[in-house]
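The chain that follows stands alone, in the form predicted alone, written as structure tokens.
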Amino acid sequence: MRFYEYESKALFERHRMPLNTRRTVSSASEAREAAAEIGCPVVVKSQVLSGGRMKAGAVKFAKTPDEAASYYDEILPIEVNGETARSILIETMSPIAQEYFVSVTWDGRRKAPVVLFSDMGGIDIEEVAEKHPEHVSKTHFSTIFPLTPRIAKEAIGKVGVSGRDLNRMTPIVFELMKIFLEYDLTLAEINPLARLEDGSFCVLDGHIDLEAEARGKHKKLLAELGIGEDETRQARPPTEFEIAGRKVNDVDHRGVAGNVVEFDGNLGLIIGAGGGSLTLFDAVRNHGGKPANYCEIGGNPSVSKACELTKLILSKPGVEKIAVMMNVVSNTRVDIVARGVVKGCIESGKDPAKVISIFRIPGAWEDEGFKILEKYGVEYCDRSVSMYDAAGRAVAKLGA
């Protein structure tokens, strides 16, 4: 789940990162008051979860309090990648000498966290890496051995930074690494980290992504930052469909049946099992299908839970059929999922045989599950049919 900029900076402040004076405001009059209190010039920034604010015109520089109030009204309705502002941040405008980029994220291939650092901050790191690879460093570090500032210094020094700048930035990068590990983050980023004209450094913008499964562990922190328990954030606020999916999952502790993400396709997906949901989602797209959602199911959910998930997906406008697919399961009963999905179709006023394009869940109690599917005329396949081929059958049904 992603933090807004003002929340990221509130977390950075707890760790004594160098930050500008700032206030989050929710009206033009508050913007005027904040600018007068902070002292102009100030930066007026839209608070959205998506990137690209500057390009969208959602960041302005105000020379007077009245100008800050005017900019508040101007940028509040601006959409940034389809997202409008939750609030506006008013912040001191600093005299910048140079901008740097630093982030800590997880490298899935190396199975280790990595520090990315560049002396060309303020722009997309992908663009810098492509056009100026010598200005980007990658430094992996261990989650087992003690964390030391040496790793941060190495990451910065690789791009040629030395002397006073190296020594002043090292504690900031090192603290970002500690934040990444302490709060179970998937991303901790500062862009830009600015060297000001007086030689000091300041965090001008920050991004934090928290591992969704770590919400419970950091419940107190989220509450203190004002992040509601019903907020399932990604690169945008959750849709009503996604909120409803979480409620389906939360109503019953048994198994998983939810964690949905909404898309614009016509094939509803009930998928899962040990990474199978990602594999199947990609397989549907590779076959030319258009998923209506991503979701996860597994851990032996109850009949009612599988039923409610099915009803939710079938209620989504544009869904023509659903595909129920998983890897070979041992901790989920095939008959319970089959019963729940069929029940969900019937309660939605749909014929299971017509609306379920394929059922591919082999494993525990599969014979009993297949009998249920046969009773209602649902096409199913066993483990002799690969997940990829099952996804192809599901997509083909839409064109039949």
Partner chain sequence: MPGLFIDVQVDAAVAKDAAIAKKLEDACPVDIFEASDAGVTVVEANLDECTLCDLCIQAAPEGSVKVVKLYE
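Residue numbers count along the first chain shown, from 1. The term rigid core refers to the maximal set of C-alpha atoms that superpose within 1.5 Å between the two forms. Quick caveat: nothing in here was measured; it's all calculated off a predicted structure.
Omitted here: the form predicted in complex with the partner chain. The next part is about that form.
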Checklist entry - Ok, Thr84, Thr279, Ser87, Ser304: which has a heavy atom sitting within 4.5 Å of the partner chain in the predicted bound form? => result Ser304
Next on the checklist: Under a 4.5 angstroms heavy atom criterion, identify the one residue in Arg333, Lys60, Arg53, Arg32 near the partner chain in the predicted bound form.
Outcome noted: Arg333
Next on the checklist: With the partner left out here, check for me: in the predicted bound form, does some heavy atom of Cys40 sit within 4.5 Å of the partner chain?
Outcome noted: no
Next on the checklist: Whether Asp66 contacts the partner chain in the predicted bound form should be assessed with a 4.5 Å heavy atom distance threshold; does it?
Outcome noted: no
Checklist entry - Taking heavy atoms and a 4.5 Å cut-off, does Tyr376 contact the partner chain in the predicted bound form? => result yes
Checklist entry - Can you check whether Ile372 is within 4.5 Å of the partner chain in the predicted bound form, heavy atom basis? => result yes
Next on the checklist: If contact means a heavy atom within 4.5 Å, which one of 362-370, 22-30, 66-74, 43-51 is the stretch that engages the partner chain in the predicted bound form?
Outcome noted: 362-370
Checklist entry - Relative to the partner chain in the predicted bound form, which residues of 329-364 have a heavy atom no more than 4.5 Å away? => result Arg333, Asp335, Ile336, Arg339, Val342, Lys343, Ile346
Checklist entry - Does the C-alpha of Leu225 move 2 Å or more between the shown form and the other one once the rigid core is lined up? => result no
Checklist entry - Aligning on the rigid core, do we see the C-alpha of Asp252 shift 2 angstroms or more between the shown form and the other one? => result yes
Item to check | Cys40 C-alpha relocation of at least 2 Å between the shown form and the other one, rigid core basis | outcome: no
